[in-house]
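Presented below, as structure tokens, is a lone chain in the form predicted alone.
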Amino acid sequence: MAMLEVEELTMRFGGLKALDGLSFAVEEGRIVGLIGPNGAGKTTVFNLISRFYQPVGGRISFQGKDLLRLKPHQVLQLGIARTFQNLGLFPYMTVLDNLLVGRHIHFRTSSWALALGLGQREERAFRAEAEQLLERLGLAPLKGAVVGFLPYGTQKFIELARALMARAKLLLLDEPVAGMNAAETQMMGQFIKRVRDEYGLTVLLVEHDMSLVMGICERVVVLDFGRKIAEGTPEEVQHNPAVIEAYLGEEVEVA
């Protein structure tokens, strides 16, 4: 069953058509890769799903609900969380406090009541949940560490953990292994598969590292100049002449 459906999605920036009638679906429980050369429109897709942009045409639905009628905070409340190419963490806050930021959208206590020191029971419950999550993910020793002083690769893991604190059903991962070495990339791949399996999540990821995409994705959608040029299993996509041409810039004969 499709959790996320994108139909005929079109986006323009002035005279530039960033997306041109893009359609694809993400089935529940799957890890799906969205790949393509630089400028193909991948992050634009994420920004449309997150409701940072308004498309000029098309439709996006999540579990049957029309996302284009919602605001960004409503999309998060619905269960869609994302990470960013450039880390979106608060560098001068602790790991634990960064995770709590991921849960703020679910606070029932109003902001003014929190400022008056009310809602402490709810805050304690969320803090206990964040500590439990860090323990489960093997990050508990870092809970009091200031994020900005941690290695870049570690911060990437923390950003993903914060997305889990938002009670996500669908994770949008924007270049989760950018800047990582081979060992860190392998660890992140295992981490993504683990949280998918343990938390029953669905994952849509944008990534340039093909070792990660081909290693963990069950389905891959390929964009080039805002259009879908291929879709299928990693093996099917790897041998698709249109994909090879888009990446290598040359025509390929099919035997």
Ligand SMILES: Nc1ncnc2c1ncn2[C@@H]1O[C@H](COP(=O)(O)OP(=O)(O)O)[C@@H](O)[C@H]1O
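Since the structure is predicted, the reported quantities are computational estimates derived from the model, not experimental observations. One-based numbering along the sequence shown.
Below: the form predicted together with this ligand, not depicted.
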query = Do Gly41 and this ligand come within 4.5 Å of each other in the predicted complex, heavy atoms counted?
reply = yes
inquiry  = Just checking whether Gly58 would be counted as a contact of this ligand in the predicted complex - the rule being heavy atoms within 4.5 angstroms.
reply    = no
task = Give a yes/no on whether Gly215 approaches this ligand to within 4.5 Å in the predicted complex, heavy atoms considered.
result = no
key: Interface membership of Tyr53, this ligand in the predicted complex, 4.5 Å heavy atom rule   = yes
query = this ligand isn't shown here, but in the predicted complex, which of 60 to 68, 41 to 49, 23 to 31, 189 to 197 has heavy atoms within 4.5 Å of it?
reply = 41 to 49
ask   = So which residues in 1 to 29, when you check this ligand in the predicted complex, have a heavy atom no farther than 4.5 Å from it?
value = Phe13, Leu16, Ala18
